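Below sits a lone chain in structure tokens, taken as the form predicted on its own.
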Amino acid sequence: MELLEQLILAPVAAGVVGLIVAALFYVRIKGLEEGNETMQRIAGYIREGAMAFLVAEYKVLGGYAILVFGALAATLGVMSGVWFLAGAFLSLLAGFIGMKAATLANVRTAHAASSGSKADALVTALDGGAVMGLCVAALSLIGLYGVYVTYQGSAELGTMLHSFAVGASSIALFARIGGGIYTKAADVGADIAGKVLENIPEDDPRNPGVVADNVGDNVGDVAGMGADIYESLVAAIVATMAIGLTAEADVINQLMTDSSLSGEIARSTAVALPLILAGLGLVVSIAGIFVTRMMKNSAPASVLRMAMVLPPLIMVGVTAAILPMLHVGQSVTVALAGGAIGGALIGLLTEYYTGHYKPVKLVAEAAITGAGTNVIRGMAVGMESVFVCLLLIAGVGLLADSAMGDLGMYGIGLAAVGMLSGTAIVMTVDAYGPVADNAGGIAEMSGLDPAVREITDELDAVGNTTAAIGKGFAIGSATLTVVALFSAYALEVQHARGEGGKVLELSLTEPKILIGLLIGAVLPFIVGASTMTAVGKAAGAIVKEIGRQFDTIPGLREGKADPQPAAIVSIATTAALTQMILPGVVAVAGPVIIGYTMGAAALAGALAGALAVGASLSLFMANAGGAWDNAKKYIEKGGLPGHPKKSDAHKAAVTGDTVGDPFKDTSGPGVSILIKVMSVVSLLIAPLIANV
């Protein structure tokens, strides 16, 4: 027990160290040279646009948070509302700090590339991403540790953990969908207006949409993705802790190898273990970040692939060494290893389906016969990837369940924690991508030597692949997490009903279960449709505005006048803030309405339907979008002899990429978060609807 009390300090200690390292990276980035005056001016536009969007978004989210705080205070107590606010605030704080670092690192990465040093440019982009990665992992662990220590041994611990998780989840939904709408509306609009209508290169300084596009990379792929991963880590830990709190005593006792350590010690160990393992995972990730920086002279692709694969393996070894000291069986190591290694394999599978391998080459070749065949082939690749990835996730769940016996659902929760134990380094590599992308845009708009763009393009190409891997990782971990949350919800309902209460029967012969299943199955399509529509409308408005500027600003086409990017930023911001409301309402209010009108069993059916359809749909969208994107880039790099850039095949691939952009960066991630938010909200309200 003494060792457990010491190890429970690991999350907060690792969190503090993580924030210190993040601060050191931030200071280092800020001290680097920014380049010439033109580079600084363009970077200033991007930074101002990104922070303006974040401030506007946070104002909307502040109003939402106040409403939910009032509802929670009235139903579950004031402290429930307070911990909800804490979960939300830490998510927003991580996004704000990460955004600041990314918008400082982009121009400095471009300047490092201008000196001819690919290694320095790589490290600068990585450091910019590391600030976000470390803040996401550190702040989530510090927040959860605060809840645990405050309510340890109290009957209120579960409710407060769930409240914290709802704060993290709902903010992640709005941040990811809002940022996704912004970034893809700007990206698609700028691409159509520039490449198709005006026939000018990507990132051409004459295009007023380019600055908004670069802003979008930050608000969607840095702040939005950070909120997504933050929420996944919180939800995985909370789900596993909730199972440890509510499972039957004779089941929990099986966790310990020493039968004399049953009862309260076994329960305390089961609740604290996921938090401890996540803390150790952050320590391993910090070490991994420094090792990655030391490999800066290696090929960027190899460096970043190693950064994502090596830490999970180290984490398994650390876990195996520590568990015997806690008198916990090595079956936990098996479950954790399944999640950690499964996460790495999902990343590699995603790279195969979205990188420059056979599936993407086939998508590129399909563009030779037109945009229609390119789109069809990309959809087929996305569907095939779902089959392989979900089979792998199911295998991870089956392994964890088999290893843990009667504690199978607890094992699945630990597998999700294992998959997310490397959150800091995964987010570092993911946030690296937008920094490198922005660096290339700044180099192009500043008129730097083409050799500079060659360096940034190589870094950006690797970043595109790691971004696709990050999305696969996020969706895979979300699926495992929701399985654990589903079990936690069922246990919470049964716990609220008491020993003599009616058993929660989850039978498919029960009409309400089937009706709930169907309702849950359609909700991902509502979110997907609304976000795709939002991107399409906003992109159309941006295309019109860019066309207006080219037609009405004298000398703009000739490069003798400056565009007006502020107008594009305004259109994208307005679209994002207004169109993110419907998906948010569906995710947060949906479970409440179903639970209070149809009962706990129907809500369980809805969660199952949303999980099955949502996991499949989000993986399909993310991987199909990634395949279309890299098929276009494959053609641009000369992958199809006789079909160079600006050929008919390339134009067809651009059409596929235009479809894929909102698939992979808006709708796919939005659906993935939907199923997590629904599950976390359901877990919170379970005691209130247990007898409905």
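Don't overthink the numbering: it's just position in the shown sequence, from 1. Because the structure is predicted, anything quoted here is derived from the model rather than measured.
If you look for the form predicted in complex with another copy of the chain, you will not find it shown, but the lines that follow are about it.
Looking at 615-623, 218-226, 273-281, 69-77, the stretch with residues near another copy of the chain in the predicted complex, meaning non-hydrogen atoms within 4.5 angstroms, turns out to be 615-623. Contact with another copy of the chain in the predicted complex, defined as a heavy atom within 4.5 Å, holds for exactly one of A604, L173, V332, A190, namely A604.
Of the listed positions (R548, K537, R293, K361), a single one reaches within 4.5 angstroms of another copy of the chain by any non-hydrogen atom in the predicted complex, namely K537.
By the 4.5 Å heavy atom rule, the three marked residues S140, M160 and M241 all fail to count as contacting another copy of the chain in the predicted complex.
Interface membership of R377, defined by any non-hydrogen atom within 4.5 Å of another copy of the chain in the predicted complex, is confirmed. Proximity of P662 to another copy of the chain in the predicted complex falls within the 4.5 Å heavy atom cutoff. Of the heavy atoms in D401, some are within 4.5 Å of another copy of the chain in the predicted complex. Proximity of V452 to another copy of the chain in the predicted complex falls outside the 4.5 Å heavy atom cutoff. Contacts of stretch 639-659 with another copy of the chain in the predicted complex, defined by any heavy atom lying within 4.5 Å, are made by T655, T658, V659, listed in sequence order.
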